[in-house]
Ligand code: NAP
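Next comes just one chain, in structure tokens: the form predicted alone.
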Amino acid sequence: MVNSGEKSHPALFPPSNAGIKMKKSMIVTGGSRGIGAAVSRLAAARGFAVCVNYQNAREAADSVVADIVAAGGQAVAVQGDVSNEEDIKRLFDTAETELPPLASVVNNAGIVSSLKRLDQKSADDIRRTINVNLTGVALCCAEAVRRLSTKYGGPGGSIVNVSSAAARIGGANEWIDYAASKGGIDTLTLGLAAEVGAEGIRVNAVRPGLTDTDIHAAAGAPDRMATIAPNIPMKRAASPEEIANAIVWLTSDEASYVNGSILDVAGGR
């Protein structure tokens, strides 16, 4: 992915009488649209200050931040390519400098290539998908551990990785490379949960099924949801908010003994 070189925006803070006292913060990668935007807004409503990461969609990220502030919350938008180590470090540094102590990281940023069989995709398409969707998540997880682990003097916290039902289904004739990257996230989640569970960090994943976001149109298949919905037991796609509910729950104290879990939110498919 091309790094635009753009840095962060000034944090936006609520008025002093906003009524929400912030005590902890959350980083949401890919937080400007779709599931990431829904997570950012819901996390803010649950008391988190939110660092909304984005790659290119600055206006969308600013809109999410504005919504959070208007509701009495605290947020900052930070540009960064999750496959770039320097951008990741700056993302975490900005969150720690401009927001309350970090408690949770949601690794949501991801991309898809065009809808094609694997033998019709270019090597560059495959590498880019793996680099962003899997390597980027691994790098963000590593940085989160450095900041949160009690081994390094951190307070502990939680990591939630956004996988996909495609990891189980395989993505044949569409996105095998994407499905493979999400299968890697499942393995990463299980391994890291075992590695840092005794260091105060819970690591879990959510596997969304078909979800009503703009990713389908961006891939050149605006009618994809209507085509696939009949194959889902619930006969419909999920809303981003339904996926966000599961993600934010995994970061909460209600999930305090949930570690190394992969939660399917896929309507039964």
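Just count from 1 along the sequence shown to find any residue number. Since this is a predicted model, take the numbers as computed values, not measurements.
The next section is about a form of this same protein that is not shown, the form predicted in complex with this ligand.
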This ligand in the model of the complex: contacting segment from 96-104, 186-194, 78-86, 149-157, heavy atom within 4.5 Å:
78-86
Joint contact, S32, A57 and D214 to this ligand in the model of the complex, by non-hydrogen atom at 4.5 Å
yes
Taking heavy atoms and a 4.5 Å cut-off, does N53 contact this ligand in the model of the complex?
yes
Within a 4.5 Å heavy atom cut-off, is L210 in contact with this ligand in the model of the complex?
yes
Can any non-hydrogen atom of G110 be found within 4.5 angstroms of this ligand in the model of the complex?
yes
Flag V162 as yes or no: does it have a non-hydrogen atom within 4.5 angstroms of any non-hydrogen atom of this ligand in the model of the complex?
yes
Just to make sure I understand: among 177-192, which residues lie within 4.5 Å of this ligand in the model of the complex, judging by heavy atoms?
Y178, K182
